[in-house]
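One chain is shown next in structure tokens, namely the form predicted on its own.
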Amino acid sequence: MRKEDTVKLISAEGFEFVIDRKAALVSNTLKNMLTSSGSFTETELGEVRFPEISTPILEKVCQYFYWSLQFASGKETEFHIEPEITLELMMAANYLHT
């Protein structure tokens, strides 16, 4: 897989998630960051830092991106969310417009 086909998402703790660009574009916020004209770091490097999103929450967000792609293609499965992370996950989803 080419570097241009992936995006690196970096959590508050510095953990790096390398995901398919197509999955990242599920988020309107990431889509705007990664496709905007100009020489923004996110566009140039294909990586986005999230100083306010913890590693477990960013991991769940990445899982949701892939689940969303599957759902859009007709594969209807359940997306389980642990009750203890619901509030933090909702705040991240609101920021990412997912």
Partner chain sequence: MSQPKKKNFKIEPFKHKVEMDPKYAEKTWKILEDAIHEIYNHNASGLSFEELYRNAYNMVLHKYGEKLYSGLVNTMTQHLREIAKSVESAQGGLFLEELNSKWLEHNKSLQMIRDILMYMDRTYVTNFNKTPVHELGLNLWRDNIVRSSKIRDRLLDTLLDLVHRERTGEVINRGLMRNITKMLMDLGPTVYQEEFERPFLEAAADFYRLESQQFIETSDCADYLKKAERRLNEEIERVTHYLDPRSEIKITAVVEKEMIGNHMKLLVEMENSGLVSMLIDDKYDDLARMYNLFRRVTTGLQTVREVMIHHLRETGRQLVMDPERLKDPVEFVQRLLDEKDKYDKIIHLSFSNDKTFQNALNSAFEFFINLNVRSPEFISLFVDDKLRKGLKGVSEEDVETVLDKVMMLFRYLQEKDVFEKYYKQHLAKRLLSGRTVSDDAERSLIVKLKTECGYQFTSKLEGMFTDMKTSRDTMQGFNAMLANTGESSETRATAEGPTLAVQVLTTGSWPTQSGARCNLPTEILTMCDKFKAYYLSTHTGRRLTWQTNMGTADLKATFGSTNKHELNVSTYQMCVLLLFNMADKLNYREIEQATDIPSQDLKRNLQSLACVKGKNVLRKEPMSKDISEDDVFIFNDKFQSKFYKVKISTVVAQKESEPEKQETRQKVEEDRKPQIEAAIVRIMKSRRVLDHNNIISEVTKQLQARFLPNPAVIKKRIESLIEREFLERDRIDRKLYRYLA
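As the structure is a computational prediction, the values presented were derived from the model and not from experiment. Residue numbers count along the first chain shown, from 1.
In what follows, reference is made to the form predicted together with its partner chain, a form of this protein that is not presented.
Judged against its partner chain in the model of the complex with a 4.5 angstroms heavy atom cut-off, the residues 61, 89 and 94 are in contact without exception. With a 4.5 Å cutoff on heavy atoms, residue 66 does not count as touching its partner chain in the model of the complex; it lies far away.
Taking the partner from the other structure, its partner chain in the model of the complex has no heavy atom within 4.5 Å of any heavy atom of residue 71. A residue is said to contact a partner when one of its heavy atoms sits within 4.5 Å of a partner heavy atom; residue 80 meets this definition for its partner chain in the model of the complex. Within 4.5 Å of any heavy atom of its partner chain in the model of the complex lies no heavy atom of residue 6. Looking at 41-77, the residues that come within 4.5 Å of its partner chain in the model of the complex, counting any heavy atom, are 41, 42, 44, 48, 49, 50, 51, 52, 61, 64.
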